[in-house]
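Next up: a single chain in structure tokens, the form predicted alone.
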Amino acid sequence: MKSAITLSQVPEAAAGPFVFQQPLAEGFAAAKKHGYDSVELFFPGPDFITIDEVKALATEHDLGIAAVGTGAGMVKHGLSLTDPDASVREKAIDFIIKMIEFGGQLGAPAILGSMQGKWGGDVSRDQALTWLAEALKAAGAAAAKYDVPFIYEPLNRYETNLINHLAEGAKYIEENSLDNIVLLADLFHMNIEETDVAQAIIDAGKHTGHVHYADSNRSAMGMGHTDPAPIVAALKQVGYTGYLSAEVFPKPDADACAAQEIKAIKEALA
């Protein structure tokens, strides 16, 4: 397993769980200084910066690109895959496909989190899940062109009412024959929803493709009450070799957070 840390360039998400939010070059430099293997990027959209500029920063600092987020589609542009308005759903999938293409050129998968939306009002649960499956099929096919998966993230009940548990996500992938889709095991969301986080990872098995390594309070690991040992053991048991990525609040400040998180990741993998 490898380490990654979040770099955000979305002002609307300034209060979110993104560690480095300064100008991008400074964020890359900070990630390298703290000893991370890669960065996870959160941009306003696919046209925020050129592929060549990102590649140059990655090369300069000897960092990989772990993943790219799509959440700006929701927090900045108000787009959701389960919006009752068909034109909004169309814009949402177009945004996601473009982010997949952006990440794909960097050898990085894209993540679907908040843009999945929720059901309610005029939209039934079955209808929302059908729209979500259709979008995931398109996303998986688009990502396959770049030989990367597409990452779907079950969120906690306060952020979506679609899929909240990892095993539920695994079952959804299988029942809908969703090719090239993997799950994001976000330990913060799982701390809220799962009875046993380690067992949930074991139950999801091969379907976990990315991990947000956050403590129970969404701070760096070691600043809450999560016991990471059984979780890391479960990841090893299912053969997970991907990233432990720091999508956490930059508390008490970004540098202290980054230092604590890399320390916790190294201890977990020792």
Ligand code: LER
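In case it trips you up, residue 1 is the first one in the sequence shown, and so on. Model, not experiment: these values are computed from the prediction.
Another form, the form predicted in complex with the named molecule, is not on view; read the next lines as being about it.
Only one segment in the set 182-190, 121-129, 164-172, 86-94 has any non-hydrogen atom within 4.5 angstroms of the named molecule in the predicted complex, and it is 182-190.
Contact between residue 142 and the named molecule in the predicted complex is not found at the 4.5 Å heavy atom cutoff. When the named molecule is considered in the predicted complex, residue 212 lines it closely, a heavy atom lying within 4.5 Å. The named molecule in the predicted complex comes within 4.5 Å of a heavy atom belonging to residue 155. Remark: residue 159 counts among the residues lining the named molecule in the predicted complex, judged by a heavy atom distance of 4.5 Å or less. Highlighted residues 33, 245 and 261: none comes within 4.5 Å of the named molecule in the predicted complex, counting any heavy atom.
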